[in-house]
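A lone chain, given as structure tokens: the form predicted on its own.
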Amino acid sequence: MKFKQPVPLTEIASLINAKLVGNNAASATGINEIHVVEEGDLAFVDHPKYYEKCIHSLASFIIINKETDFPQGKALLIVDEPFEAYLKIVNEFMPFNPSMQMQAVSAKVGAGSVVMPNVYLGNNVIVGKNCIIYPNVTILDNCTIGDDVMIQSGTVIGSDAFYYNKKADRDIHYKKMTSCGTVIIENGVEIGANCTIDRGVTGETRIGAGTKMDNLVQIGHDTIVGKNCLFASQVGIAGATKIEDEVILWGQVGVSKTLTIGKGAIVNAQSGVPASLGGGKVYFGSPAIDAKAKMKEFVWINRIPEIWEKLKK
């Protein structure tokens, strides 16, 4: 999430009651997770396992629960509960602002676009030119839809990330991490009925130009889908995954988080993808492997009874 204008660190330290160490004359341009931070951003870390990764990331300023060494030019904001500090910053600079109209005053619809009855457009939604949005579609705050996009009935774009902070010493172990990211749908995308595309936690979920989705597809937070991909019904993709251009996922393929599927890969129906796959190949199975190798496996599995009978003789 980027702030509307740079915010002095001293102001942020005061907001979250933090001890400021280091470059206290600087200003922050936003707050983001480690995998999407840029220079000028704040990031937070609350576990020693990730201290080094966060401190040496692109983040210029780190909200942390322990004073430690850090590179010159950066700053630490030391608090007891970095996660609570994150929530306070998000709520301050992007507060919940419900729109009670079907189309928010700040929503914009481009020339030639058709928005049918019962479509909800949240605050600051942008719909491009020559789109068709069918009834009962929901597009939540700050999402952007490109030109020539078609969205079928019942789809929800910009729902919150399924993302929680876990602490076993709390009565409620899982506490929601407020989503302040967005969804960007590029030109020429078609999205089927009853699909769900979650917003980024602090960054963006992006669907590349020309990609087509069948009904009942789920795209997790911060996932980047390339251009001209094809997803059949009931495909589910977890968060922070990268799907490169021209990938085909057939029905009921499940894709785990934080992995990459290479350009031009095809994953056959009902496969499970727990790890990254290279491009230009066909995969099948759970875990998904080369489809020809999997078919050979099936041949040998089917021969087990025959082999067993021979061994008994």
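Numbers follow the displayed sequence, beginning with 1. Here the structure is a predicted model, which is why all the values come from computation and not from measurement.
We do not show the form predicted in complex with another copy of the chain, though everything after this point is about it.
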Full three-residue contact with another copy of the chain in the predicted bound form, heavy atom 4.5 Å, for 115, 230 and 297: yes
Would you kindly say which of 106, 194, 91, 130 lies with a heavy atom within 4.5 Å of another copy of the chain in the predicted bound form? 194
Partner-free chain; cross-checking another copy of the chain in the predicted bound form, the single residue of 151, 213, 201, 125 with a heavy atom within 4.5 Å is 213
Should residue 248 be classed as touching another copy of the chain in the predicted bound form when contacts are defined as heavy atoms within 4.5 Å? yes
Heavy atom to heavy atom, is residue 252 within 4.5 Å of another copy of the chain in the predicted bound form? yes
Residue 302: heavy atom within 4.5 Å of another copy of the chain in the predicted bound form? yes
With the partner left out of view, is residue 81 within 4.5 angstroms of another copy of the chain in the predicted bound form by any non-hydrogen atom? no
Partner contacts for 95 to 116, taking another copy of the chain in the predicted bound form and a 4.5 Å heavy atom cut-off: 96, 98, 99, 100, 101, 102, 114, 115, 116
